[in-house]
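Only one chain is included here, represented as structure tokens and corresponding to the form predicted on its own.
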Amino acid sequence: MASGQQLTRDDVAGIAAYARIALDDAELVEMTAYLNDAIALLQPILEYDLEDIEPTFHPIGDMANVMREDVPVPGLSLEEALANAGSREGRAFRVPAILDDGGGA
């Protein structure tokens, strides 16, 4: 979009159709104004001379996450895992039901 160019009602209708958003006539008028206002707020960015500026793809630059090697460690045995369970049933924790059985009340 060239500087100073406004979105038309048809532009916004096309965007809405592409995004599968149903807009009635009043909503199209409102959304057209809203989007044009949002674009106008961004216009000052076009005033900057960015000719020799490299794009930044991450705000921290060349930093990277430092991750340790993923090394498996021994887990708990079944008895250790269930040792502090409030209630257990065989090899599992026993917890109160949270889903309705469909029988109604």
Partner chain sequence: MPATLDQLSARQIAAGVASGAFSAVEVAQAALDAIAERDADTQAFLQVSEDLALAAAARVDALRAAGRALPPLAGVPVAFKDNMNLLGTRTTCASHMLERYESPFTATCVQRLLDAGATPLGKLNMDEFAFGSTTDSSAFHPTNNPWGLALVPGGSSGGSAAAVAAGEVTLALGSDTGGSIRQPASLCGVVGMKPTYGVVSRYGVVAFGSSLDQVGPLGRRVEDVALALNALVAGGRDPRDSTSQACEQDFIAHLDDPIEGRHVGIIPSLLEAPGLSAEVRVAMRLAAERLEAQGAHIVEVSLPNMASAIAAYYVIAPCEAFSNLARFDGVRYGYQEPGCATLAKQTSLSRARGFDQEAKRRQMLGAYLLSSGVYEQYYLPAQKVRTLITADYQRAFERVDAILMPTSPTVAWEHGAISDPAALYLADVFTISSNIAGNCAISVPVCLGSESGLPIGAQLQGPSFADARLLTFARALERSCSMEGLVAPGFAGRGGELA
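Quick caveat, the model's predicted, so the values are computed rather than measured. Numbering follows the first chain given and starts at 1. Only the largest set of C-alpha atoms that superpose within 1.5 Å between the two forms is called the rigid core.
We do not show the form predicted together with its partner chain, though everything after this point is about it.
A residue is said to contact a partner when one of its heavy atoms sits within 4.5 Å of a partner heavy atom; Val29 fails this definition for its partner chain in the model of the complex, lying far away. Taking its partner chain as it sits in the model of the complex, the stretch 14-37 comes within 4.5 angstroms of it through a non-hydrogen atom at Ile15, Ala16, Tyr18, Ala19, Arg20, Ile21, Ala22, Leu23, Glu27, Glu30, Met31, Tyr34, Leu35. Core-superposed comparison between this form and the one not shown: the CA of Leu82 exceeds or equals a 2 Å shift. After superposition on the rigid core, the Cα atom of Glu69 is displaced by 2 Å or more between this form and the one not shown. Relative to the superposed core, Ala17 undergoes a C-alpha shift smaller than 2 Å between this form and the one not shown.
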